[in-house]
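Starting off, we have a lone chain in the form predicted on its own, written out as structure tokens.
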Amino acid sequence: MTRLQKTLAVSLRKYDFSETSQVLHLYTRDYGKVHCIAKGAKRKKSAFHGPFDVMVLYEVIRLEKQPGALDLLTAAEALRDYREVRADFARFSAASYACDLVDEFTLEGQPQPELFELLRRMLEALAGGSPVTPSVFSFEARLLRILGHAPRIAECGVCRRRVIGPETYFSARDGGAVCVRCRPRDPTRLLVPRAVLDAMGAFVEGRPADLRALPNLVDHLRRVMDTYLRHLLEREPKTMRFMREAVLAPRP
């Protein structure tokens, strides 16, 4: 049985389906990720007022089809195109990466309104001039928390004791912190200052973290986050390299 569904959506990816049509990955507020076809979207005269683009907030109406078939997009209105983000390489890289993570981590038809709002707030923050580096770390950490993948920060994954001392291991395979007494066997383990995991924990909880509290804190935190995300996804997202260049670029 097919039905029309109206919702807000952020466009994650787009593909040309033919000379006139597009296939879209949308992350919607009410239905999670959906794959749709917008027939005739690239025609000069179409119901969509032009082709679709990524990183745009739309209000859409789609015709839900049977499982395994593309839904049919019947109407769409662009509410926010975040043009301020597109004008800056660092912000564009960060926004593209955020959309990529949502697409990589989610399955079709599993609504997560909190994740939709997180993505929407990320785009608004970048468009509004918020600093790129903490915005990216905060988005990654909150996404992991929402999806149930938040790393363990306060206690050792082996002995279960509270992690103390100036340094600790981070083991992606073991789910987070491992104390120096229980040196993990994980070949990708990282020995990092304790302040790195404290900063990650702050971002997971939605609190700000002082990224200037320690020399090279951003570099350490970036290595930890990259290692953990690669472990969870079993690959590196395509946009991670460009985001990394933006986050780790020399800052005035």
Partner chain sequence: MYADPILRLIQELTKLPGIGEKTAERLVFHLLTQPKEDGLRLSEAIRDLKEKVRSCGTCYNITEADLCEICANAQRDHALVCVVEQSKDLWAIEKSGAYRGVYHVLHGHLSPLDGVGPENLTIGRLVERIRKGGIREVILATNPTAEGDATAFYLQKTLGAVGARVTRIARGLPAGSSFEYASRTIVSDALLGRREF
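Residue numbers count along the first chain shown, from 1. The shown structure was predicted, so the numbers you read here are calculated from the model rather than taken from an experiment.
This next part talks about the form predicted in complex with its partner chain, which is not shown.
Looking at residue 87, you'd find a heavy atom of it within 4.5 angstroms of its partner chain in the predicted complex. Its partner chain is not shown here, and in the predicted complex it never comes within 4.5 Å of any heavy atom of residue 235.
Contact check for residue 244: every heavy atom lies farther than 4.5 Å from its partner chain in the predicted complex. In the predicted complex, residue 14 approaches its partner chain with a heavy atom inside 4.5 Å. The partner is not drawn, yet in the predicted complex one stretch among 145 to 153, 96 to 104, 121 to 129, 178 to 186 has residues with heavy atoms inside 4.5 Å of its partner chain: 96 to 104.
Only one of 59, 53, 226, 64 lies close to its partner chain in the predicted complex, with a heavy atom inside 4.5 Å, and it is 53. Comment: its partner chain is not present in this chain, but in the predicted complex one of 222, 29, 42, 194 has a heavy atom within 4.5 Å of it, namely 42.
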